[in-house]
Each structure stands twice: as structure tokens, then as C-alpha cells.
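Here you get one chain, nothing else, as C-alpha cells; it is the form predicted on its own.
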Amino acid sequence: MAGKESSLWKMCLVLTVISIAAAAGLAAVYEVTKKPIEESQNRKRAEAINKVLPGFAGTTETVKVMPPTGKDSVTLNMAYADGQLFGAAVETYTDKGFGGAFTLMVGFDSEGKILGTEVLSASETPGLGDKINADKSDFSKQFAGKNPAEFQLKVKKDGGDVDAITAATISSRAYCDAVDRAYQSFMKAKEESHE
């Protein structure tokens, strides 16, 4: 009986040592990769801002706004040129995607007209929903130049003005949801700045 107890304690001790070593290894990998991942994400954000605000040369001010729809705040990069509002690059999201949540960067001019959109992260179905990416289809181009005050950010099947991606209506609806959330947040930020 004493031999079995001794053997059990040895196994527990070995498992504890292995667990501690594994945890230490994971912590070390996290520390080593944390900064490069953060730098990569910041670089991707900066590139997206440049894409959705073409021709912008000025300064940005980051503001967080709780949108009228949604559970989390939206990040607005308010863009100023010569002291005047140029527009904003809004980092927005949706949780309605077929593959789960995804994030977009949406650029607006000072009046609220969409200048461009860029997918930051998404895991939509390859060959279908991933056509929300500009390098996979022209779907996102239909938003440029449109003012959501006049352009219904819903797919045509739902009474809106957006041509959905064939066989990817859920992804198309989610994209519209994210763009609308960005627009509502930008309008809210503009309104609050005039108070």
C-alpha cells in the first residue's frame, strides 16, 4: 500500500513539474510574440486608414464612441487637415457574419459620404463570404461615394440598395451592419463635438 501511495505522489509531482514548465514556456512565447503581433496589427490599421481616406494628409485624433447599435465601442480616427474636419476612418465591427465577428475600417468624408472600406479581420467561408475582401471581389466597391443618409445600407433582398454577394447573403448583411454602425458612430461623434 505504501508503494502505491509513493508512486501516486511521484506521478503528481512529475505532472506538476511538467505543468509548471509548460506554463512557463507559454508565458515566454507570449512575451516574445506580443510586441511583433501588436506592431503588425498597428501597421495593418495604419495601412487601412490610408486606404479608406485617400488623399488625406493631416493629423488624426482617436475617439471611442458607443454606437446606437452594438455592444462594444467603435474607434474613430477623426481626420483633420488645416484645422478642419476632413472625415474619419472608423474601425467598426459586426457579430452577424457567417464565420462569426469581423472588423472593418470605413472611411468617411466630413459630410458622411463613404470614401472606402477595408476588411481588417474576418473568417468568412472561402470562395463565398470571403468575397467581402476587396482582393476577392468588387463587392466592397459599391459603397464608395455613397452617403448612408440616402443609400440604404441593407441588401436588396431586405429592401436596401446593396447588391449582395451571390450565395453569401449573411456575409453581405453583416458587412452592411458594420458599415451602418460606423456611419451611426461617426454621425454621433460629429454631433457630440458640436455640443
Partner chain sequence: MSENLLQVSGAPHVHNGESTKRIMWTVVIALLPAFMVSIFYFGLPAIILTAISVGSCVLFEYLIQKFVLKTKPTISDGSAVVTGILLAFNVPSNLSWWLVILGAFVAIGIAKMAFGGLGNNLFNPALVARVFLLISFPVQMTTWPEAKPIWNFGFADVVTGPTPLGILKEGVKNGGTVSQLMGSESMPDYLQMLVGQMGGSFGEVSAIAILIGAIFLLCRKVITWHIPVSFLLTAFVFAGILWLVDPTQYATPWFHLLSGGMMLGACFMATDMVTSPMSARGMLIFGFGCGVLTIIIRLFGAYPEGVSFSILIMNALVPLINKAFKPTPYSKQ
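Residue numbers count along the first chain shown, from 1. Values in this document were obtained by computation on a predicted structure and should not be read as measured data.
Below, we refer to the form predicted in complex with the partner chain, which is not included among the displayed structures.
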Item to complete: Examine residue 158 and determine whether its closest non-hydrogen atom to the partner chain in the predicted complex is within 4.5 angstroms.
Response: yes
Item to complete: Answer with yes or no whether residue 181 is in contact with the partner chain in the predicted complex, where contact means some heavy atom within 4.5 Å.
Response: no
Worksheet item: Is residue 50 one of the residues lying within 4.5 Å of the partner chain in the predicted complex, judged by heavy atom distances?
Response: no
Item to complete: Using the partner position in the predicted complex, report whether residue 60 sits within 4.5 Å of the partner chain, counting heavy atoms only.
Response: no
Worksheet item: Thinking of the partner chain in the predicted complex, which stretch from 165-173, 50-58, 139-147, 66-74 has heavy atoms inside 4.5 Å of it?
Response: 165-173
Worksheet item: Out of 112-130, which residues reach within 4.5 Å of the partner chain in the predicted complex, heavy atoms considered?
Response: 128
